[in-house]
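Next comes just one chain, in structure tokens: the form predicted alone.
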Amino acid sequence: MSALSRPLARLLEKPWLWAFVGAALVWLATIPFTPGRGAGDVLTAAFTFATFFVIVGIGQMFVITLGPGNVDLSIPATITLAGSVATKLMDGQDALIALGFVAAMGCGLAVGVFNYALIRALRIPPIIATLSSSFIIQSTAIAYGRGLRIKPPPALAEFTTARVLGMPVLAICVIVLAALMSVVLHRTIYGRSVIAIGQNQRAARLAGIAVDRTRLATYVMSALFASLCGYLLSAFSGGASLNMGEEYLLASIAVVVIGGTSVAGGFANLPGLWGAALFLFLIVTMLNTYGLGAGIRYVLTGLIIIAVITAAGGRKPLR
């Protein structure tokens, strides 16, 4: 094998590559229907909305990496609760932005601890525990935010919509955040513990890894990222709403799987989250641009997602 072909072969073995390839192909297929600056505007919009998918995807990725059965279904409700609490406390005042952030993070901390308490103390499977808690969290958000008609602080709203050379400032910040979380995943004791638990929980426990503490930290982290998404999304959308987290239930799982993370646990792929998030937004944009009916859009979206997952999963990582 030549010196040039070896790096290319290693690149083709990267699971995250196929999400970016899929996103690029979909964007290119959309360009003919968006003349002028339309193609650039589509890409800007893709980075804007993909940012929120990536935020929740980071937390969900760590949870799924813990192994089979680990998934956080309380993310949509947590987004709604954190957004509602933060918006109400900030009351449209720039001086209270920090207070709103702390309140949103407090919601995430409480949700994460509550989720793991159900899992650990009551021995409820994670998928059932987080689904059950989501009803309680959503009910709390409804009771707290009913009739909420408060605009976000102007400074926070401007931050979530600001651009630099056409690139959303929020997207740039989340790219840096994702890079930091990649370091956490691969270069810290906590991150390596998450991967070890996902590969074999019993062996990890016998090796001296604090399994329960690591799982608790992971579910808290997922809730914190969901709360961060709710805090920023409420500012971006002009205020909190009771259905603001709905689309993030399946999206938070889809970006993880399409991005190359193993649903069997023990292997995470953080760069792929961005490729998957861009792909999900662009595929919907492309099908809408083509003017297809809703039914056909759903079918084609599903088939294309299956194709990308198959392409990524069909390649074995080098050992």
Partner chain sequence: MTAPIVELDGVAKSFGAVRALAGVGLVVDAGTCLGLVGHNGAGKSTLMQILAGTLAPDRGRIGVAGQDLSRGYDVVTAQRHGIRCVFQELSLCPNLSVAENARVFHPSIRGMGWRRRAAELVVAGLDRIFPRHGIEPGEVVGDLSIARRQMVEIARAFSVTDVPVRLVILDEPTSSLDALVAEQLLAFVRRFVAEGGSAILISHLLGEILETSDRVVVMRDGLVVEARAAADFSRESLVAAMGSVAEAASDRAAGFVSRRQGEPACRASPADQGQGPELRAWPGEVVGLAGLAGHGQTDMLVALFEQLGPKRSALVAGDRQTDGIFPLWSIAANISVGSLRDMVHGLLIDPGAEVELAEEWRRRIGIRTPDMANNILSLSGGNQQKALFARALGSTADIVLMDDPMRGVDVGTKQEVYAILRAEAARGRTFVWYTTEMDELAHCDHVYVFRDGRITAELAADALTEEKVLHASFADEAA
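Predicted model only: the values in this text are computed from it and were never measured. Numbering follows the first chain given and starts at 1.
FYI, the form predicted together with the partner chain isn't displayed, but the following is about it.
The partner chain in the predicted complex is approached by A204, whose closest heavy atom lies within 4.5 angstroms of it. When the partner chain is considered in the predicted complex, K88 lies well away from it, no heavy atom lying within 4.5 Å. The closest heavy atom approach of A162 to the partner chain in the predicted complex falls outside 4.5 Å. When contacts are judged by a 4.5 Å heavy atom cut-off, S241 does not count as touching the partner chain in the predicted complex. Annotated contact segment (heavy atom within 4.5 Å of the partner chain in the predicted complex): 261-269, selected among 25-33, 47-55, 261-269, 279-287. Proximity to the partner chain in the predicted complex, taken as a non-hydrogen atom within 4.5 angstroms, holds for one residue of I195, A217, L99, L109, which is I195.
Note on the partner interface in the predicted complex: the residue among A179, I189, A155, A95 having a heavy atom within 4.5 angstroms of the partner chain is I189.
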